[in-house]
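Before any questions on binding or motion, here is one chain by itself as structure tokens, the form predicted on its own.
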């Protein structure tokens, strides 16, 4: 691809913006895309020996701006490896790793990712939280929110609530609630041209203006939800000033309570990656501490994706939780629920809802919101019988289970399991166990009648 295949108006804008660097910038369109992955520190922290195994396996090279991020060649194909199903890494453009690093979330904080799908930045934030505090990951589009929820599940994140709400609705419910807010805003996608040429045909100066106007409204919503003393990171994957520096300058004029800490740009002609822009904004004042209300948990009706409603008896929730504890004593003797939290029953689905701070005893602030994942999905409670959820398997390590069937990449049993096939049980196991790859679960097995019945969700199975 060369500059003459790009819209003339875009070429003229970028030549004006970059001056003498423009030719190098346009030449980058003729270079191969850069690929990357980010290791999940919730499963493989920096001292874990399997990190080195991954680095060798995929020939990884460090990303300078992300401690868990790595460049990898396209030939590595990490999305096809069985390790992908264990959630020990997330495939992500290296440039896109920048905003969540600048957010600098810390364990115990309450963090909002306002436009979170498909989940790269949310899962990165969760790694910084280290299982403590609360992550609210939101996307207004229900289909995108479902993908977001699946990625939260795959990486074994227990302290996240996934919602699908318009930012204005969240702003009215959660004023000055969050320690940190990330707004990776929908944009004109100029940094996606090399990845998806179809975006080039959609681009126009009018589209840039429309995106900039929408982003200013989103910034207004995001700012209202940041606690005094908190941090807001605004980012885009586009290059023009109108959606980036000019939007931030206008925001600061309208919101004198914020100050700009830094602006960072990644350019494809200056380094590896597709490019990104991010601005770090600090809200003046000191945190008022724990508010009386906030994202919490109370038993409610309806399955995930429907509104949380009051009216479910506490007794039913406690009975479901007792059934879970009986199951865990047999199948997961090494697993412990987080100390902070509360059970939440959606119909037959039992969740453990993060409740990171005292003073948040109920879920009335979630009433009416479309909630896809209110914490860790423990499983289904049906007629006094508990069946574990896939998310529970991925939140564990194989060492926590009563028994596992462990394999390595290329093992026939691993490939059969990923295709959804049942496996023979020569050892005569009983009850529930985990299928693992190098110790990391990919899903449940249930021993019965000489077979290990496959409980990998159908939507996650490999096509034959």
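It should be emphasised that the depicted structure is a prediction, and the values quoted were computed from it without experimental measurement. Numbering follows the first chain given and starts at 1.
Only in words, not in the display: the form predicted in complex with S-adenosylmethionine, which the text now covers.
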Of 116, 162, 181, 157, which residue is found within 4.5 angstroms of S-adenosylmethionine in the predicted bound form when only non-hydrogen atoms are counted?
116
Heavy atom within 4.5 Å of S-adenosylmethionine in the predicted bound form: which of 186, 78, 389, 343 fits that? Just give me the one.
186
Could you tell me which of 78-86, 389-397, 135-143, 258-266 sits within 4.5 Å of S-adenosylmethionine in the predicted bound form, going by non-hydrogen atoms?
135-143
Can all three of 41, 46 and 110 be found with a heavy atom no more than 4.5 Å from S-adenosylmethionine in the predicted bound form?
no
Closest heavy atom of residue 166 to S-adenosylmethionine in the predicted bound form, within 4.5 Å or not?
yes
Proximity of residue 200 to S-adenosylmethionine in the predicted bound form, heavy atoms at 4.5 Å
no
Since only the chain is shown here, I'm wondering whether residue 121 would be in contact with S-adenosylmethionine in the predicted bound form (any heavy atom pair within 4.5 Å).
yes
Given that the partner is absent here, does residue 214 sit within 4.5 Å of S-adenosylmethionine in the predicted bound form, heavy atoms only?
yes
